[in-house]
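Listed next as structure tokens is one chain, alone, in the form predicted on its own.
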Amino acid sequence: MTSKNEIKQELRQQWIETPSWAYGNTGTRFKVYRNPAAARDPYEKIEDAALVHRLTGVAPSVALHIPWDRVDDYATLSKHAAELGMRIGAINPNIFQEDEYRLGSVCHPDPKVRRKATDHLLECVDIAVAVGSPTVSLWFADGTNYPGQDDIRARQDRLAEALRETYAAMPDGVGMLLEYKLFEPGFYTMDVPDWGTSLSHCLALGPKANVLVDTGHHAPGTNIEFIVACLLRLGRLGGFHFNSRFYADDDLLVGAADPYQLFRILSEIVAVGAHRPGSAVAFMLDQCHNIEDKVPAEIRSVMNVQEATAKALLVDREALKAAQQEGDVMGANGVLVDAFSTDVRPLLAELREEMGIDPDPIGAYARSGHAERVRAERAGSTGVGWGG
């Protein structure tokens, strides 16, 4: 059984990437709610992300969304991040907001639209190189709403062509993550609707392309940890976009809806050591904070992933294996339940003190005065993000 010191050492190395779009204004299908504390540009997004890292100790990178985070000088942006103790993480192309993409982007029936979309993917590869990012993370809103609207097989061919061109442009040190989504905005078909479709394209591309699992992109009742286990077995799990869902792609705080599910997913990750920074699996958040304050929401999300990971590290693997081999159904399940039921907050508070940070990150944020300061400084701004 893993000792407390061994668990703390594992947790000390954890790396959880936060998304730039969590710090700007975001919205629902009905409205973008303006937050006076929302970051106004990519520089302020990185500053907010750096505060999350200072208060948690395990969030040293921030993902960018292009064109939301487009700047004239990426070297200056990277320098700004480094001065704050941060690095720029995954580069996420946006090919779903422009009018031309009404019928799709890289899967669009018009080759001129496909060319525009693919050129943006190539631009994001160049940005990844410029900022030293190891990842270009792809999600496509491409799909159809009605049977017969377009040729399903032809759309897969168009997707494969764009992915091949993008993959070929990626130098050593830059990899591709391909995300999938069951539905929305396409309600009849999505062009990458599930992990099997993503995996098939990744296998055709090569070893630098892997599947990204967004925990909100599945049908109700889907066993996500089974998907995770299968992808780990194949060595093709590239990473996560962590969030929570009650119904569909709710983008709520990770662990808020079903913390036991988050624990089960991380138990599969920890079982093969894929939680460590040296593994090929990236831990990234993908959340939109529409009614809650943004920085403390990201802090809470990082803490929720930490807690689930700590509980997964508490699983007595030897006892679990013994119970499984003996056919002890209740005993095996009990090993997991015992770990999940353990209160790991005192252990994490102790770890934070050892790391030289406040044991209560949320309380530390409230005492920092950050919220009051940025509301005054950023008042009147529309912020930068979805609809911004």
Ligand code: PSV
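Counting begins at 1, following the sequence as shown. This structure is a prediction, so every number in the text was calculated from the model and none was measured.
Another form, the form predicted in complex with ligand PSV, is not on view; read the next lines as being about it.
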query: Option from 128 to 136, 150 to 158, 241 to 249, 81 to 89 whose residues, in the model of the complex, bring a heavy atom within 4.5 Å of ligand PSV; finding: 241 to 249
query: Interface residue in the model of the complex among Glu268, Asp214, Asp194, Glu307, criterion: non-hydrogen atom within 4.5 angstroms of ligand PSV; finding: Asp214
query: Sole residue of His275, Lys181, His201, Lys208 within 4.5 Å of ligand PSV in the model of the complex, by heavy atom; finding: Lys181
query: Complete contact of Trp21, His65 and Asp286 with ligand PSV in the model of the complex (any heavy atom, 4.5 Å); finding: yes
